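This document opens with one chain alone, in structure tokens, the form predicted alone.
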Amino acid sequence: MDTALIPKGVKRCPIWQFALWISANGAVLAWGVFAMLLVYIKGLNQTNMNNAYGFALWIWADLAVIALGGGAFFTGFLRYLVGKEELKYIINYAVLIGFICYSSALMILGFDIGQPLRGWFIFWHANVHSMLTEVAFCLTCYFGVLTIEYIPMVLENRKLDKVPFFHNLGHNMHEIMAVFAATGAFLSFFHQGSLGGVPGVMFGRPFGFREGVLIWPWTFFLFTWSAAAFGPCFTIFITKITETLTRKKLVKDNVIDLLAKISGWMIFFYIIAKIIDTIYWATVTAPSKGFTFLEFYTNNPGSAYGLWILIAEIGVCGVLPALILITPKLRRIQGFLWLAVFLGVIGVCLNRWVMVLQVLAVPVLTFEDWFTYLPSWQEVATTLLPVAYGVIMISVSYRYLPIFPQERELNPIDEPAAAAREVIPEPSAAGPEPELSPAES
């Protein structure tokens, strides 16, 4: 039964190995579900959040996965609107990764609001003056778009595709996918930007506050830009991990090279804008609020938010991957490519970390000290829950759906020999048939 569901012409691991892999990740998933139930039943007192840290580990994870899922909308934009045809060989995987990231983000928001059964209040009693309302609307709508983009892949399952209705539905959905890609790019622009705009307008938190254009702070645009720049790094990174675990070549090098080059140039110009923003903030914005630049990075417990975090975000995880990815000779060396996309993923996660946690940790009154925060095990478990869920989703999708169009070409199997083995008759109970002489033949 399992073999009949596997895409034609490809090999998969034995079912017992697959079951063992799913069980190991399922244990982490079950731990997270247990913590999730504790939060739902007992409330937010299961966390270590407080009046200083109303946004903490969950919201950082939420912003991080949304940024990493940006590879879906940007790759779709490049494939369907810009016309980069080579990316059609990786767009399926980018959509799957985006689907996982955005469904995880909605799951995390369900934890954070404390009473998920009242989540519909966001839509029915919308606060039209809140950027978080706009984020909730766009996030939910874009998840719907990703669901629509994921459905045709499900319908291409070997068994489902034999049903004429599903076959025709999947084919027709592929024909209009450019419309959904354009819609997704539009929705992502606004909710990515609004997530950055939240700390940017908090004038009572000078670390995050920024000047801007009209009503939009610089962080509005920087968040959108960074998601489009670093999101493809996460897509490449997960693709490389999948190839390593399956010991197969799943996407041709020219496809990865194109996506890496575009991501590299996006990171390059983003880092220039980020450096300009940081210099202006350090020399103009912060002093206008009565702070010096180093006050945001010194005298904190254990140097958790020392100057090293700024150097790591912009230099090590920004400038370095950008230089590697825009240099053809470097990005075509597998070791450097691995390093660049890994640093890119860490860089955008680090950016979201400081814009959520460091913003709240910095004292803003003369009698305050730095605020410290350590997440509870329930927060850690529910943050790992989407990771385990993502691994299981990728594993099941890879096993049963034709995610990678180039897999059969890059990993040919002896199909004629396999077909011949299928038609060899079983020996009868009466024993083998007698051999015929050449004349009788």
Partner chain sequence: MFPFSFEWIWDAGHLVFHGGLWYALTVLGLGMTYCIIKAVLDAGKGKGDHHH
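On a predicted model such as this, the values are computed, not experimentally measured, just so you know. Positions refer to the first chain, counted from 1.
Keep in mind the form predicted together with its partner chain is missing from the figure; the text below concerns it.
Figure note: of the listed segments 178 to 186, 270 to 278, 346 to 354, 315 to 323, the one touching its partner chain in the predicted complex, with heavy atoms no more than 4.5 Å away, is 178 to 186. When contacts are judged by a 4.5 Å heavy atom cut-off, residue 247 does not count as touching its partner chain in the predicted complex. At a distance threshold of 4.5 angstroms between non-hydrogen atoms, residue 167 is in contact with its partner chain in the predicted complex.
Contact between residue 161 and its partner chain in the predicted complex is found at the 4.5 Å heavy atom cutoff. Although the partner is absent from this view, residue 128 contacts its partner chain in the predicted complex, with a non-hydrogen atom inside 4.5 angstroms.
Interface residue among 148, 307, 330, 339, judged by heavy atoms within 4.5 Å of its partner chain in the predicted complex: 148.
This chain is drawn without its partner chain; in the predicted complex, the residue among 106, 173, 311, 241 with a heavy atom within 4.5 Å of it is 173.
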